[in-house]
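Shown here is one chain on its own, the form predicted on its own, set out as structure tokens.
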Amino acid sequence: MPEATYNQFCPVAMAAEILGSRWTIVLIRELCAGSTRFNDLRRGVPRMSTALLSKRLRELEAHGIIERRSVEGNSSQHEYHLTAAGKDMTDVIMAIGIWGQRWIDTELHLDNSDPALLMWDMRRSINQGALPLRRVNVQFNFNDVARNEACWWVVSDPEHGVDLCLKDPGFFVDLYVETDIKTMTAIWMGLASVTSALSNDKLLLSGDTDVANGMHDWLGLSLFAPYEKQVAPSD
């Protein structure tokens, strides 16, 4: 239930009582993006504690925004699905993201880049149609993060979709991507490009030439990347 109330009949105030608690909007964003399993939701909100995630899911269920369903064939596991009310939040989340992309100085927040969240979001935006019609394994190496989060593998398979691995999947690596987390985040958010990062020596690609040359096509970008900034970046 809400932790605070505005004691107002205004629909904005009533909605804010549900959506204004910490992490709730970000969690709904992840649900709108298609995550349904508890562990997948955790990957989408990696800095949210397990206890708080469970609490927010219970609150959203109590408000009729999500419903919990048993996994078919395994009644001990559950999935979380948006109800009609929850699906109606998609446009709201999109509008909030567009506003943030256009009017907030993103440069101030790039130092808070999270490799786990970035790679999880990037995995969703991979354009398999721009990759060869075979299994393609791309290894991302970040040179400025903790060792246990420095290497990631994105595996695209025409039959099984796109998978993200923090441990070496054991496949031949088609392309090595060497960069820093801030540069990769800026590229994915549309604040920089693969071409500019390469020319500034902030991005190094080695491996399959076709996969490397097509990175600007298969990488995909944030849903909010097309929206032009309306504020000047900070010095």
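Throughout, we count residues from 1 along the sequence that is shown. Predicted model, so just to flag it, every value in this text is computed and none were measured.
As for the form predicted together with the DNA, it is not shown, yet the points below apply to it.
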{"query": "The DNA contact at L52 in the predicted complex, heavy atom, 4.5 Å", "finding": "yes"}
{"query": "Any non-hydrogen atom of F38 within 4.5 angstroms of the DNA in the predicted complex", "finding": "yes"}
{"query": "Partner proximity in the predicted complex: H216 to the DNA, non-hydrogen atom cutoff 4.5 Å", "finding": "no"}
{"query": "Heavy atom of Q77 within 4.5 Å of the DNA in the predicted complex", "finding": "yes"}
{"query": "Location of the DNA contact in the predicted complex, chosen stretch of 163-171, 206-214, 30-38, 181-189 [non-hydrogen atom, 4.5 Å]", "finding": "30-38"}
{"query": "In the predicted complex: members of 131-151 within 4.5 Å of the DNA, any heavy atom", "finding": "none"}
